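In structure tokens, one chain follows: the form predicted on its own.
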Amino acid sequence: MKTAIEFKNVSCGYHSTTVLDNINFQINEGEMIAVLGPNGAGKTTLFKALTGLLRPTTGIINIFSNPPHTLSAQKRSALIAVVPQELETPMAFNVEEIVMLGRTASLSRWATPNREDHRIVERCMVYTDIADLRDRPLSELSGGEKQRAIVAMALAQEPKIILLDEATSHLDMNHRFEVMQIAKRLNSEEGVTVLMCSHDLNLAAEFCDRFLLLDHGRVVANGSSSDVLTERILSDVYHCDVRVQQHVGSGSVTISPAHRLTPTRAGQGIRVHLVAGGGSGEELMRRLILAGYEVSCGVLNNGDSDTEIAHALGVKTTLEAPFSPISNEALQRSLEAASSADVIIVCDVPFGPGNVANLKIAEHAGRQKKPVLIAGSIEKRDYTHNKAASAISTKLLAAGARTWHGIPEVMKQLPQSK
């Protein structure tokens, strides 16, 4: 089977900020793929790199064996077309004129559309059911009609790949299905490769056969719905409790946030101390405060991103000077703050010589028989001499500490209002 799209060790971003980090995947000709992920996951950047608008800083991108940034605009448009969320035009083009714009790259300079161009435009308008709207200004169309016109314009390019870049996000339920049905027909009848970027997981599950899930610029899952659309994976990526149901008859998948059975103030009267740093505690602090828990955190360095979030949320925090190792004085202050906590949570923070002392807080809580919850495997983020952090973690787990993976899981393990 012919390879349509290939990303080999691709990293790219804007200025000094890396958005996509060492991305690898391959898409075969004729596939229909959903590119999923939360805001900031890198979906838009991936599409920009794919269309040649953004060059990779490292790695290789190929479209039918051609790096997109090396192709002329004419050759690129013959391979790939984009259907955006919406299209605004400075002039009052009617529908037929908009669709004809799709033929622009096929025309030589100063040439006017010929009979073949008009035939292609007519076929595209019929295919998308907008032929009777040909004389209507684009600005006067409904949302669904406008998107069908934009799809027709993309079809007029006669591309091998179509990118649906949040193309249904502003549409109602009926018009979303209309646009997706057209894309599915193109895929199944014409063999066009389709990539759909969307926040609508249910719509993607209904029409796509394969899913590429991004989070923080990395591919976290790539495969069929059974491989990617699982409760564990989606809960970890979207940071909420998710329910996935498969219908026995049709085999279709329905994805929804789990009903929140606990009251909003489930944590009222319960104190939680976080061992965090480097941004590892940001989202958890926010979720704990929303649930009514009393939160303390430390030791953190002044200027750390967790410090800024803690101050914004009014979280009691023990601070150390910027870029300084934890002093005995700061550790004692944090031990005092943690002494009244009901639970100690060790976040997904890397440990080095400067902050390994923070684990003494968890050790002290363990000796007091308080619950200690540790994110993942400390061994994978232990940069101390002789793996001191790992040794402490092993003792804690042997004494009854529990691990957690993802915020939904740790929230389930916390005690609720006394």
Partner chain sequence: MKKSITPWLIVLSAPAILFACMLFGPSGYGLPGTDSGAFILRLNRVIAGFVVGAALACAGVVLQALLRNPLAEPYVLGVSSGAGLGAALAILTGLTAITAFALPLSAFIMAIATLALVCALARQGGRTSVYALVISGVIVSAVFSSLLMFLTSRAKEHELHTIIWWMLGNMGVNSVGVLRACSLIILLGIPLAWILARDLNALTLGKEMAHHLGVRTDIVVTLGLVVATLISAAAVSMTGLIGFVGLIVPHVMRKLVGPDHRRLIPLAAIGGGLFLAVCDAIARTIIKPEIIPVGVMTALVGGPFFIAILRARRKQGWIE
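Positions refer to the first chain, counted from 1. The shown structure was predicted, so the numbers you read here are calculated from the model rather than taken from an experiment.
Quick note: we don't show the form predicted together with the partner chain, though the next part is all about it.
- Remark: none of the three candidate residues (325, 391 and 399) comes within 4.5 Å of the partner chain in the model of the complex, counting heavy atoms only.
- Not displayed here, the partner chain is approached by residue 157 to within 4.5 Å at the level of heavy atoms in the model of the complex.
- Although the partner is absent here, residue 340 is not a contact residue: none of its heavy atoms lies within 4.5 angstroms of the partner chain in the model of the complex.
- Under a 4.5 angstroms non-hydrogen atom cutoff, the partner chain in the model of the complex has residue 77 among its neighbouring residues.
- Residue contact check for residue 169: none of its heavy atoms lie within 4.5 Å of the partner chain in the model of the complex.
- The single contact residue among 104, 256, 188, 224, judged by any heavy atom lying within 4.5 Å of the partner chain in the model of the complex, is 104.
- Shown alone, this chain has one stretch from 47 to 55, 372 to 380, 352 to 360, 27 to 35 that lies within 4.5 Å of the partner chain in the model of the complex by heavy atoms: 47 to 55.
- Of the residues in 110 to 132, those that come within 4.5 Å of the partner chain in the model of the complex through at least one heavy atom are, in sequence order, 110, 111, 112, 113, 118.
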